[in-house]
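Below you'll find only one chain, the form predicted alone, shown as structure tokens.
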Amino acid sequence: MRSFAGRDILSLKEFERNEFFHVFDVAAKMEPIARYRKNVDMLKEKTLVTAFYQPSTRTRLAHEAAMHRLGGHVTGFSDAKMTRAGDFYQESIKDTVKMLEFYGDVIVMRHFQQGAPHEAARWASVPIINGGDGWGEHPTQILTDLYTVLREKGRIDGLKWLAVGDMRMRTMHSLGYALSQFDCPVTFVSPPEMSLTEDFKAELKQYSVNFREVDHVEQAIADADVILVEPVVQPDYTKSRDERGKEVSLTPANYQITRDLLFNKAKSDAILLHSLPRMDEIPSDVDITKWSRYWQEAFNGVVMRMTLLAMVLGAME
């Protein structure tokens, strides 16, 4: 197995099955640090640079919190408009990254252009972690979700997944690539205009992913062990910022996971994931049910980022 030291985390296409489990084993060792709110000195001589060209709450702060938990330092930007990368000069990714690599030891980048972190990795002498690239991928989120499933269910193989939302989303792409390494049938539910693209379906078939598509969550929820939800009311991920300019429509019932639906249709031991933020696709009264795991998922997001930072910086093997 390849060492993770110095490695870029760009796409889950690049992960082999044993690498997933190796990451999860390291995460289990890191988890007590976060659970008991400790700060250690594992990365005390290292600095994380955050380069966020799109808004973020969880991904950016989870990486920053992870670095602090490991005793490291953080610098960077959360709004490209406040930098030369986003003002009049529109500094290129190459030029920006060639500067950032002098300021830290690892860079996590979120960008509205698909492939931007891959472009950064071409020029950087330090590891690049993809924090989400347009409609491309979001590898650290799906690693978090898989780790959450493993911790909650004790296994990943043999579980049936239901993925609800906009199938153009980067999380859905990373999910599809990841499930190619596990024995996990997945059912996708989305509005027709947000369904799996023909190119992505061809990729899923190429990677031997066992998948199907249905029109309504009620057609698949009874069999699901893991229910992963993303909004179908989406911003445009190809923009640096897409603020609401008018009233946003509500989520149609086909794509909502309600308390009644869970109670009447779902398995009693199914788990419900959502990377957040949410709108009305999961009403707040679901939060206190036995199915919800999105708060545990958020906690595990810090654990997973601790794990990846420690591994790419050579502190854990």
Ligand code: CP
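These numbers were taken from a predicted model, which means no experiment stands behind them. We number the residues from 1 along the sequence you see.
We do not show the form predicted together with ligand CP, though everything after this point is about it.
Novice: Whether Arg259 contacts ligand CP in the predicted bound form should be assessed with a 4.5 Å heavy atom distance threshold; does it?
Specialist: It does not: once ligand CP is placed as it appears in the predicted bound form, Arg259 has no heavy atom within 4.5 Å of it.
Novice: Mark Ser275 yes when one of its heavy atoms lies within 4.5 Å of a heavy atom of ligand CP in the predicted bound form, and no otherwise.
Specialist: So Ser275 counts as contacting ligand CP.
Novice: Can you tell me if Arg58 lies within 4.5 angstroms of ligand CP in the predicted bound form, counting non-hydrogen atoms only?
Specialist: Because a heavy atom of Arg58 falls inside 4.5 Å of ligand CP in the predicted bound form, the answer is yes.
Novice: Indicate whether Arg110 is a 4.5 Å heavy atom neighbour of ligand CP in the predicted bound form.
Specialist: Yes, contact at 4.5 Å.
Novice: Name the residue from Ser190, Gln141, Thr148, Thr96 that puts a heavy atom within 4.5 Å of ligand CP in the predicted bound form.
Specialist: Going through each option in turn, the one that passes is Gln141.
Novice: Going by heavy atoms within 4.5 Å, which of 22-30, 65-73, 282-290, 50-58 lines up against ligand CP in the predicted bound form?
Specialist: The contacting stretch here is 50-58.
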